[in-house]
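Starting off, we have a lone chain in the form predicted on its own, written out as structure tokens.
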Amino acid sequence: MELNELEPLDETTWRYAPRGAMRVPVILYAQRGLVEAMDQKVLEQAANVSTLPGVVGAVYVMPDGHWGYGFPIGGVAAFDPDRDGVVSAGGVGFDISCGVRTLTTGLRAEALADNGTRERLADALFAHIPAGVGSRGRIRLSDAEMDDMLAGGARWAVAMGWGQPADLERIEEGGCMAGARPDYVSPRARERQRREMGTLGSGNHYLEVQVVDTVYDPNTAARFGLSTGDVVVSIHSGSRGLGHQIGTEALAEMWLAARAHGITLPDRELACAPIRSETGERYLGAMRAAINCALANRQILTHLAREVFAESFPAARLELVYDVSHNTCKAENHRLDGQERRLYVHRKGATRAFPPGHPDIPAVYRDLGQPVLIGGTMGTASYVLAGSPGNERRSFSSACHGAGRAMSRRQATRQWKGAELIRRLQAEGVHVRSPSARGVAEEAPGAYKDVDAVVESAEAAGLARKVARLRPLVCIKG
């Protein structure tokens, strides 16, 4: 990205002033090297978002930002319904409520020190947890069960026996997104999901067994149940085919709605509708149902992981640290121009990171700040962060969600071969299992930005602070 049009406010904050049809500035958070490495289209897309009706504050780009569909991935924008604000399916993404949950196991690294032990665990997890494009699970939902799942999220899953009530205390929204409208979810979206509950999916989705290799904030880490040498499990997955179908259908409807409401779009991919319109309300209801689908899906995946660990390590106890989503639009209270307003915050490839004391953080963590889970990719680190004080005015209390891609999947497959990559990672102590060698190549660690630099930028910018670093031992890849 060219820096000559950006005003550096400090070492990690860059401002692109409004021009043309822009209503608010664009703020990028990243170290200089990360900004220079970003595609110019990231800035173009963020500037386009800033032209939409009702956008307030600024359009923010997180340190892992890269260009996506309509909105940049790593993009955050808030819209005020009292100022004709809009909702955009492109500002949420196709994998609605894709997110990460991390669980402690009670095991220490010594339990997995032997390569043979890791091999057996990798094989057991891969055999038990469906992964890959079009993967099907053991669960087939009836129409009534589908409605209950879309309305109940992880609460439904726990009630069905796939978890424990204590899990719900450590999930955003208490495990269930209010305002879901299963009746707004199309028959096609329902059919795509009927056999996909309890499946990882493909792309960058994974289940990883990791070890805590560094603790930065001992007090917060201890409260999260983390200490150096602990074995943990992280699950990255979303709303699968249902969320993709909802996004696809909504974009077509919003293109027509935008024209009907006289909204000028700089890019068709930014199709949107007024929040207070029939199209907007229908999308929000369906999107919230997809959030519940993702929460239920990760809950079932947790249950499957617990079954494997119970067989392989009877002493293990998988307890949830937290579950966060990073493709959502949520109505939240934020102070704007000295007044508290109800805003619709789009986070596409960005994580909600409420600061200490925020009432929507579970009581057990409220004084610490919301846990923020940053996913890695097979051979790289993942991180646990916590929301920083004052980040509401910096980013509507948002942070990054991962390393962010540095090259396209097609470019990655030209540079790496999946089988060779699996062998190399195993030599480094990371045991990868995947139904697709091509999928492994697409997600090669080298295809992503330096996650350490991304996290350093997020902390330096005051978005979230480092708590612990996690290193992979086993990766089940979609």
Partner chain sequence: MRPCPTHWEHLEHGADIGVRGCGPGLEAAFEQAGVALTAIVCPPDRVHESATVTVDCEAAERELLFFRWLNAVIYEMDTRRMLFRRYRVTLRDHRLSATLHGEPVDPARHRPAVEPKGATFTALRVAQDAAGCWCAQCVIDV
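Positions refer to the first chain, counted from 1. This structure is a prediction, so every number in the text was calculated from the model and none was measured.
We do not show the form predicted together with the partner chain, though everything after this point is about it.
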So if I measure heavy atom distances to the partner chain in the predicted complex, which of the stretches 431-439, 449-457, 26-34, 54-62 falls within 4.5 Å?
431-439
Only one of Thr248, Thr214, Thr264, Gln164 gets a heavy atom within 4.5 Å of the partner chain in the predicted complex. Which one?
Thr248
Just one of Ala159, Ala252, Ala222, Ala315 has a heavy atom within 4.5 angstroms of the partner chain in the predicted complex, so which one?
Ala252
Please run the contact check for Arg423 against the partner chain in the predicted complex: heavy atoms, 4.5 angstroms, yes or no?
no
Could you tell me if Gly369 has a non-hydrogen atom within 4.5 Å of the partner chain in the predicted complex?
no
Non-hydrogen atom contact Asp230 with the partner chain in the predicted complex at 4.5 angstroms
no
Is there a heavy atom of Pro81 lying 4.5 Å or less from a heavy atom of the partner chain in the predicted complex?
no
Candidate site Asp95, Glu196 and Ser408: all three near the partner chain in the predicted complex by heavy atom within 4.5 Å
yes
Quick one: which residues from 51-68 get a non-hydrogen atom within 4.5 Å of the partner chain in the predicted complex?
His66, Trp67, Gly68
